[in-house]
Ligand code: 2HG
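Given next, in structure tokens, is a single chain: the form predicted alone.
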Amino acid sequence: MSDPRLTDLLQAVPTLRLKTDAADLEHYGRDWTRRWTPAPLAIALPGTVEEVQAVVRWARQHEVAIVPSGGRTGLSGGAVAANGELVLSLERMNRVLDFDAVDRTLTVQAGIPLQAVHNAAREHGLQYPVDFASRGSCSIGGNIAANAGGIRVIRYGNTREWIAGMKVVTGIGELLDLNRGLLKNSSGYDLRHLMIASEGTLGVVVEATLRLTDPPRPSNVMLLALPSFEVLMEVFAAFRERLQLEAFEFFTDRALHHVLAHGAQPPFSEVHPYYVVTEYESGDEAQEAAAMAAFQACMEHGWVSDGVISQSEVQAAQLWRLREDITESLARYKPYKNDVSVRISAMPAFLQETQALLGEAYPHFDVVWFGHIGDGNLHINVLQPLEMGDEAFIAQCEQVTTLLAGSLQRHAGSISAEHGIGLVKKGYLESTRSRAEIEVMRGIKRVLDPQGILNPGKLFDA
């Protein structure tokens, strides 16, 4: 081990696992973005909270930046280590620590995968309802760092709503025990919510107490084919009025094209320009009748061209695959991603403006739209043409993102709905937050991380 700082680290934390092989540096030094070349100093894999604290204190002493790392499934560059940082991976801290049947909470280490949380909750007859396609690889700590949302926000909300408490190691190595699972706590500032969506810039989440809820009631899945973009909100209103929606997701024909090329089966004999997959509570005949009434009303108005209702759990999974496999099917094209949100009431006007803006700006690019229409969140993926170089492609996309940021500002929206700001959207933060707000954020960071060692350059520059 040639770097004397790493020798000092192992002397300070002799039980710490450390990786320095080139393959490990590349693997742990990046997230799902591929714009930056990973170049971390090393990968630290602590097994205890005390080891995390010791690593942070060492980093502060040696003025080494730390990039906290979970499942690295992020899409904003928030987990990228490209400038000699120490990657602090929580993957070994992946256990369930406690279940409380009275409080209906599950306490876990931050490195536990979301799927393992789902399984643990199910073992106790309950559910942790936050869910998204990367459930098998993303971690709870990463979910907290980004306030991840996913496919069921319309029913259950974001990660924030399900965090009863957490333990966090600050940039000076102190351990904060935030909220301690309390339902009511008005004793000063709720620092727990400050940590959520902070992208590892204020502290390293090492433990979380999660709220659980009743297991999901019987549900059904319907796939709808839409003739135009303009009717999307009409269909949403018709289904929301009649049903208890679990999810309402939309995607375009281009999204379906890539998922089918990735191995999925076509749902209809004809190609339609837009699609919706919706899941709704369906425990009795009345609810099924309401679903059919919603479908028939949309057909009569010309808002829906075709549809299919799942007849089994297998078919429901097949229909969901058409939506959940989009991101994976696009990965090989190195897409430029925009993850934006507006209030649901502002969605029709924003959709109209954005569709026109992107149609004019990207006439020759393959643009793939999908999103969580029920909570005002759109994902816009621009695929890089094979003949275009990386720099030219990113430069053109960023010009359009500047226009998109202006549109979001006019509609009081956000440049990042659930992916975080990271490196990718740092330059557009002022379209969402005022300069006064950003200065307050900087001040908070200086208190919790006075030397600026935690995920520097992410979210905003010091």
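One-based numbering along the sequence shown. From a predicted model like this one, the values you see are computed outputs, not experimental measurements.
Here the subject shifts to the form predicted together with the ligand, a form of this protein not shown in this document.
- Of the candidate stretches 370-378, 173-181, 307-315, 154-162, only 370-378 has residues whose heavy atoms lie within 4.5 Å of the ligand in the model of the complex.
- Of the listed positions (K337, R240, H118, K167), a single one reaches within 4.5 angstroms of the ligand by any non-hydrogen atom in the model of the complex, namely K337.
- L75 is the sole member of L232, L245, L75, C138 with a non-hydrogen atom within 4.5 Å of the ligand in the model of the complex.
- At a distance threshold of 4.5 angstroms between non-hydrogen atoms, S89 is out of contact with the ligand in the model of the complex.
- In the model of the complex, at least one heavy atom of H419 sits within 4.5 Å of the ligand.
- Contact between S198 and the ligand in the model of the complex is not found at the 4.5 Å heavy atom cutoff.
- Contact check for T327: a heavy atom falls within 4.5 Å of the ligand in the model of the complex.
- Of all the residues from 309-325, the single one having a non-hydrogen atom no more than 4.5 Å from the ligand in the model of the complex is R323.
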